[in-house]
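Here we start with a single chain on its own, the form predicted on its own, put down as structure tokens.
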Amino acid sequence: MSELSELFADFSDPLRLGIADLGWSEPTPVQERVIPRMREGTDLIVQAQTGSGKTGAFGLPIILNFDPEIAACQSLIMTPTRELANQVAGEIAALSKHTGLRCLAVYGGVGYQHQIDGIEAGAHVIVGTPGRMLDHLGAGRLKVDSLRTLILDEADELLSLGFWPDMREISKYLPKQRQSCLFSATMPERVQSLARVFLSDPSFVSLSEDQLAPQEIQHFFVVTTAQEKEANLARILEYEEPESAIIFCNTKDDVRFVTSYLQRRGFDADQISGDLSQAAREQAMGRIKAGQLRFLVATDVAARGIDISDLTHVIGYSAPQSPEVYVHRTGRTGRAGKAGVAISLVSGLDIGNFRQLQQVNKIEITEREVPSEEVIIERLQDQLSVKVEQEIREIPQRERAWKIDRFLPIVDSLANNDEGRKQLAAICASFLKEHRPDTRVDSVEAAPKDRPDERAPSRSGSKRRNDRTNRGGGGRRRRRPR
């Protein structure tokens, strides 16, 4: 008997047939580790990369656990993008096509009717983005009284795109008795905080050398030409969206050049180097510590003594001059038990020394591709969609006609010529700058696992009201669903 058949020895024939249809012969490592744990019913935090087979790892236990006699949502899977939602839903549908399970993808940017029909037909598994799920929950169309399993897929990406406010709201609808599992490629502090909100006494599963706790620092490098280094730095910052970062250079000239380049591109950046007075350096360091500055460009000498416990990223613009310097640089993040990310830009001339650095420090540094312009545009579009949906959701339905719909002819007119499209692009850029993705999971108490005693609103219309506070008085605050 093969290893696969041993792992799935008690699976039903219909499920075995679905596995065979996909051509699976053996389980992936993440499936071997996760499936038995999920079948035990415990909450899990799983550190696994995209493409590791994690959809099967949580999809197969979900299929095993569903009850075909209950025509209601029994599993929710939250994903950061519509593309991933379709991919996950497609794989679960393929695995379960002989079992009678109904799987539905739910996401924004498309019409509601197909999704409403699928919910009313009794979809057992719903996969989608938090914003559109919240729309259906708030309108009373989606009921989760029968929910058994909650999956947060690519949790680090969920937070990078700014879904935290929506997820916090969704948590109020969820039943207390459920199994919750979080899957993420990286484990920064905000993802661990997210786990504390949605999971109860979870076990940690990592595929990295039987690791029993999240890594404090994730190490990456990208290969770049010297001519494209500053442009690639900007792409990395746009894609990563760090809450705060120090960018290390080897010379004062590089510090000045990089700071000027980033400022011209609209990044919130300042510098510290030997050319600045002590007072100016202290002022810049004080701003980043206080959260008033996102990016600090510095030489190794000028950065001595910096202690910023909430620093999320360290970027090496220039190659470190010794293995010890690399350790000192990356040690600026991942402090006080929090996780951090270290990314090094390495040119072809430096690659040999960089490999030696890894051997000396006994650190495995993963290579990444520089994000392409197409990838960044997709990410910006996702971020824009998330924030726009959140803004629309805060406008009562009865007010949307005169607050939104009246502008549709203007949008159509602007989109018909180059100058108008530039104006629309400027509006999008300004909106995104003003509404950066909220990656802070700031209050565990603010997002209780239990849904309130009041029932969700009926299909006839959402009764949930928004307690909209003054924009200058601390942002918006949603009341619990009525």
Ligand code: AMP
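For every residue, the number given is its place in the sequence shown, counted from 1. Small disclaimer: the values here were computed from a predicted structure and weren't measured.
Below, we turn to the form predicted in complex with the named molecule, even though it does not appear here.
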Thinking of the named molecule in the predicted complex, which stretch from 39-47, 64-72, 423-431, 26-34 has heavy atoms inside 4.5 Å of it? 26-34
Is it the case in the predicted complex that 251, 273 and 275 each bring at least one heavy atom within 4.5 Å of the named molecule? no
Contact flag, residue 240 vs the named molecule in the predicted complex, heavy atom cut 4.5 Å: no
Please check if residue 91 has a heavy atom lying within 4.5 Å of any heavy atom of the named molecule in the predicted complex. yes
With heavy atoms only and a cut-off of 4.5 Å, decide whether residue 232 touches the named molecule in the predicted complex. no
Quick one: is residue 87 in contact with the named molecule in the predicted complex, heavy atoms, 4.5 Å cut-off? yes
